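Here we start with a single chain on its own, the form predicted alone, put down as structure tokens.
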Amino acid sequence: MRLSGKRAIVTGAAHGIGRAAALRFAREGCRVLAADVDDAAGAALAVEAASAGLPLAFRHADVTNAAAVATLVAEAERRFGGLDTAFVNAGIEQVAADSDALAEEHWSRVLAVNLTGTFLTCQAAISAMLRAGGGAIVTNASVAAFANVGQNAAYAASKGGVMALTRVLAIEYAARNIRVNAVCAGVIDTAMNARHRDRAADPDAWMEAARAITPLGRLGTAEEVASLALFLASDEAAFITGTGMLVDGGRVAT
């Protein structure tokens, strides 16, 4: 019950890391308002949570829309009486492409969701946390903020921006009792990476390469990333702010 009594929003909660984190937060005593644009998967998440007796509800929210994000945060405040925690996780992948062939509209879409969406969610959450007297924000920055794998200029730029934004917000609001940190995941066994694998000319070779660049020799799990997000959101991390913590099986160390 490491988040007992806490009140949270989790974006990108219908799948993968966000889904694992939303359920984990609720199991640890947190009241969770989960958000995503995938209503069917979000409804399934809410049903699973209800069947387990977990305090989790789902609402549709597009993080690229400032009004939608503000509405999400306002609902969390109405439901819970305030907001203490936000896992700002919503993001999309970039289809692998050499930079000279990357379409401008794809660049713009990746930056809009991954970086602008993170900023808008943090902005609204911070306003609520200031009213509540403080809180903890966890962003999702990825090892792409630190390690270059090529053919992912938009994704790497977006996640590098999330890491920079995380540091700026951490320092800006430290004196007002708001901590901001990032999880930086390596290759994780999620639907996003399954799409990367399936688009590869040789899916088996893609999997072998993913394992080869990870010293622990396997893909990580969404639950392992959720565990780190839980720690950073909890009072156990009360003296940690402005950092990006790697959960990458040793990849960046190489």
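In this text, all values refer to a predicted model and were calculated from it rather than measured experimentally. For every residue, the number given is its place in the sequence shown, counted from 1.
One more form of this protein, predicted together with a small molecule, exists but is not displayed; see below.
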query: Option from 83-91, 129-137, 170-178, 99-107 whose residues, in the model of the complex, bring a heavy atom within 4.5 Å of the small molecule; finding: 83-91
query: Answer option from Ala185, Ala34, Cys30, Ala229, heavy atom within 4.5 Å of the small molecule in the model of the complex; finding: Ala185
query: The small molecule contact at Met192 in the model of the complex, heavy atom, 4.5 Å; finding: yes
query: Residue contact check: Gly16 to the small molecule in the model of the complex, 4.5 Å heavy atom; finding: yes
query: Contact flag, Glu224 vs the small molecule in the model of the complex, heavy atom cut 4.5 Å; finding: no
query: In the model of the complex, Ala141 touching the small molecule (heavy atom, 4.5 Å); finding: yes
